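Next up: just one chain, as structure tokens, the form predicted on its own.
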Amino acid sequence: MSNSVLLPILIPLIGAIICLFFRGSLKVQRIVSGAVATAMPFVAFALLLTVREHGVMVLRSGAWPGPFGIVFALDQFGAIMLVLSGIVQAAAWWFLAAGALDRERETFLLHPLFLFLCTGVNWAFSTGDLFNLFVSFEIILLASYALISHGNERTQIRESLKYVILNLVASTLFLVAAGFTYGMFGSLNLAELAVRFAQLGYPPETRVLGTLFLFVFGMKAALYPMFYWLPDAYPKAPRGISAYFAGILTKVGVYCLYRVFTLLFRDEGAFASWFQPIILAIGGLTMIVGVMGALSQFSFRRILSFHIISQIGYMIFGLGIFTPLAIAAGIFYIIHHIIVKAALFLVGDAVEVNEGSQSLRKVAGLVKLSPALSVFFLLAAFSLAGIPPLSGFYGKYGLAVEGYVEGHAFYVAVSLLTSLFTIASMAKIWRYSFWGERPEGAAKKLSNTGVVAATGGLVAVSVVVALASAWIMGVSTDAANQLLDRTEYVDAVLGTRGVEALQLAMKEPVE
């Protein structure tokens, strides 16, 4: 039993409560939020190293044996996601501390809401049962709804209502799916469900449940055709925090898809005949529809919001291929995308802070105003498009090679075409916003250099990902093998009897 599993949840939760007590003091809120943001990447990285050395970390609340009681279980994939959440949280805080928002707006519960959001996200990455996963989703939904509407503008209220209604539909379906799961299999513990599904020989009900979970988590991940809420909602989030939305929130849905399909819905016949074609088709459509949407936009944030959708398609492509290398490449791509996408949103927010607009028709000549910001954009944009030797290349290369080897050449072609369109949309931003002459009467120098520096910090992390790609791919491979093997996870949660039951069931399923 390891109480340290709770640290990524308790630290931001306690920080949020303290900020509420000092809601009238921006100075105290910044200090508390900054302390939490600074600590989280180090805490998460320490947990990752511990998991890599000692195996899956488990905490049984109340010391109840599995599968009873509340269980938190952290494996390598979950720990990787916690590290990424901490890095983007820290970058968002530095961006806010540089003066991205006016003081009145920042004082009004912005920091506690952001910390509650981080609490929910970290909870989702650490839980070992479906009930707690549902609770974490509700925390995320409440905090993100409040943040999207933060500022009380008419468009924010409209989009936040659309956002919360659609996500409530997904949450309701999640609750229905969890209820059916408990009613049919008598447990919500993920490890116990993995054993029971196998013992019963993956009955037809598991195919129905898997399809329902695919829809629920697909809506959270903004997969085709459930993506339409994202491009209007995410651009309304406060500057700086929008980077956390862009980098992390949809990846909670992706994480859940990787988790349930590697742990629960593993029947080879059902997966090959039913789940795999659906997942591959959804991944391909998500790629191409998302990037085409980006090409049609003329707002920095809306272009990048559509690119969130298109890039999610690559991650789902890796899950659809469902081989160790494909899962590893998918995890690597998740790592790359979270950092790069958050960095690009910070670039867009830095442009808005200094120019007062994100419209490509109103901003020009940024390469002369801020060469540093221009370089940051190029590095992140080229990485997003998969240009070697930047981080985006390695994940896309692994997915393309494995996809071709496994006979999915059509979807490989779709992924390559999406990359070309991604380059075109990034060139569009460069042409309109960074190239050309400054408009008459426009500022000759930056009004806020701090937000540019904060942006550069996260872009530097993306460069580190590229430089350390061999090590990160090794970590991703280990995480993928752990996901696909299942025995270490089941052993950590249920003990020897769970592993023996799983292995026996895989050989002799109950008729």
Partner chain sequence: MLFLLFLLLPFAGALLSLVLPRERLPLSMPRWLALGFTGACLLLLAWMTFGMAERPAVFASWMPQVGLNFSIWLDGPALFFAWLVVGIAFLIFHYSGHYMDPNDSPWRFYATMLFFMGSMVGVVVSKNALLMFMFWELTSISSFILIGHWHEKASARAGALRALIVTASGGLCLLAGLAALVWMAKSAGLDPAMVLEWDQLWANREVYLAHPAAGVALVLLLLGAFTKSAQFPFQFWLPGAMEAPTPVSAFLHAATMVKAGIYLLGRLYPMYSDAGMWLWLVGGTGVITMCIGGFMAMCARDIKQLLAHSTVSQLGLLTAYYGFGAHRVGGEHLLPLDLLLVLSHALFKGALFMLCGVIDHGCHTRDWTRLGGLRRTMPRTFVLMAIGCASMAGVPLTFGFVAKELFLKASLSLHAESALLTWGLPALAIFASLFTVAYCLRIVVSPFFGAPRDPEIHPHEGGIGLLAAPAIMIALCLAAGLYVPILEKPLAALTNAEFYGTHSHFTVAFFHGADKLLAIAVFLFAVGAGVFLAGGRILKAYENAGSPMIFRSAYEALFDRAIPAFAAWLARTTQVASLSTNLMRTLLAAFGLVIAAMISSGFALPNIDFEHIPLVGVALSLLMTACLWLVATHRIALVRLIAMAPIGLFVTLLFLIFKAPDLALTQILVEVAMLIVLLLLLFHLPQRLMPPPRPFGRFGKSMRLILSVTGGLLMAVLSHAGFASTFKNIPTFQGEPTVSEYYIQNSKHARYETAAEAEAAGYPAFAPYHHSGGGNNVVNVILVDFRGIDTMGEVTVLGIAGLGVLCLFTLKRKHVRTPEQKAAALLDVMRVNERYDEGAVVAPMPFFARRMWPSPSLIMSEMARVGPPLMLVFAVVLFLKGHGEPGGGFIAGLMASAALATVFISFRRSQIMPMHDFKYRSLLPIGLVFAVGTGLAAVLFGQPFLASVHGYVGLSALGKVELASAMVFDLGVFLVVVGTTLMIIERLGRD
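Numbering follows the first chain given and starts at 1. Remember, predicted model here, so these are calculated numbers, not experimental data.
The form predicted in complex with its partner chain exists for this protein as well; it is not shown, and the discussion that follows is about that form.
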property	result
Full three-residue contact with its partner chain in the predicted complex, heavy atom 4.5 Å, for 265, 463 and 489	no
Position in contact with its partner chain when the complex is considered in the predicted complex, options 96, 257, 226, 198, heavy atoms within 4.5 Å	226
Answer option from 382, 174, 271, 322, heavy atom within 4.5 Å of its partner chain in the predicted complex	382
In the predicted complex, residue 411 touching its partner chain (heavy atom, 4.5 Å)	no
Close approach of residue 42 to its partner chain in the predicted complex, 4.5 Å, heavy atom	no
Partner proximity in the predicted complex: residue 355 to its partner chain, non-hydrogen atom cutoff 4.5 Å	no
Residue contact check: residue 60 to its partner chain in the predicted complex, 4.5 Å heavy atom	yes
Proximity to its partner chain in the predicted complex (heavy atom, within 4.5 Å), stretch among 300-308, 238-246, 341-349, 81-89	300-308
Heavy atom contacts to its partner chain in the predicted complex at 4.5 Å, residues of 134-150 in sequence order	134, 135, 138, 139, 142, 143, 145, 146, 149, 150
